[in-house]
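Single chain ahead, written as structure tokens, the form predicted alone.
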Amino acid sequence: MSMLGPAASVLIAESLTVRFGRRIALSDVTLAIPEGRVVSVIGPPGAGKTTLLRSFNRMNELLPRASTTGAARFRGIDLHDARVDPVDLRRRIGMVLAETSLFPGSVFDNVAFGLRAQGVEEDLHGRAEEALTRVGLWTVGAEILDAHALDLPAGDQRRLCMARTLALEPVVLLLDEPTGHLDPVSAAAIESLIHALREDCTVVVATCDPALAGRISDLTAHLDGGGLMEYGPTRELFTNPRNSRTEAYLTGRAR
């Protein structure tokens, strides 16, 4: 668990266990994510990385036969408290999925979708411009708004998904495999964006790529088989791992 206490943490998992039917996807995970940092969650496919991210904005409950025990907290509030509105929660803790999930239509339609779903109708073009500027897609100017979203290159589609989420001004941004299947130039653009976003929000990245975690994150958690193997400052975890399974994963012996 992080050495930072609850007062410094924006997200906390406490003995968090998630099951899908009889399958345990996440097992007794406890960790604290400090505000204003980039935190990476690494591990092989099926380790529980995506499940952990989805626990923090209650997306797991949208899946069949999902059940959760333990606690997940946002700024000290139990996310499963009956008074918590899941829709509002997913605005404050936004998530960009590994698979690009754009809608047919223009770039503007995609960015405005989340805003309209939240009842926002004022200054949609201004907020779209701001979000697209943040992700580096406003370089061609206002004409980007009318471009067909599905005609964009893969890297730009990924950044558009991020813009759609950032338009809602989340406190936390959850990114699942943000550079997966991208060419090196597009991946580098996403990495630069993640570095810039730490000025405005907490970023939590799930990735199978330890090298990515090493470049972008302040803290890294290693999951394996649904359990937390190790969590701490990235440089320390990479240079002096305390857990033998973490060492094996980082050196490639476990992959």
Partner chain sequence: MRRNGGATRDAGAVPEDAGAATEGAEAGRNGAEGAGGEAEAGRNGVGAGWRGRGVGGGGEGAGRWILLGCTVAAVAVALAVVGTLAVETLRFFAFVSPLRLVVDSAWAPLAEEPGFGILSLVAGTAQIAAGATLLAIPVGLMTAVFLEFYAPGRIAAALGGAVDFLAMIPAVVYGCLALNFVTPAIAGVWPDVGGFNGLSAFLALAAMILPTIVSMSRRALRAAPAPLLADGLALGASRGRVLVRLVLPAAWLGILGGVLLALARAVGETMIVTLAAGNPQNLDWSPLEGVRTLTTHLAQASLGDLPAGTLQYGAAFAVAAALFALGVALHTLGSGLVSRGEDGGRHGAGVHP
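Residue numbers count along the first chain shown, from 1. Bear in mind the structure is a predicted one, so any value in this text is a computation, not a measurement.
As for the form predicted in complex with the partner chain, it is not shown, yet the points below apply to it.
Proximity of residue 59 to the partner chain in the predicted bound form falls within the 4.5 Å heavy atom cutoff.
Within this chain, residue 101 lines the site of the partner chain in the predicted bound form, having a heavy atom no more than 4.5 Å away. Contact check for residue 84: no non-hydrogen atom falls within 4.5 Å of the partner chain in the predicted bound form. Although the partner is absent here, residue 159 sits far enough away that none of its heavy atoms falls within 4.5 Å of the partner chain in the predicted bound form. Per the 4.5 Å heavy atom criterion, the partner chain in the predicted bound form is contacted by stretch 113 to 121, the sole one of 113 to 121, 130 to 138, 70 to 78, 177 to 185. Of the residues given (147, 142, 97, 154), 97 alone sits with a heavy atom within 4.5 Å of the partner chain in the predicted bound form. For the partner-free chain shown, just 168 of 168 to 182 comes within 4.5 angstroms of the partner chain in the predicted bound form, judged by any non-hydrogen atom.
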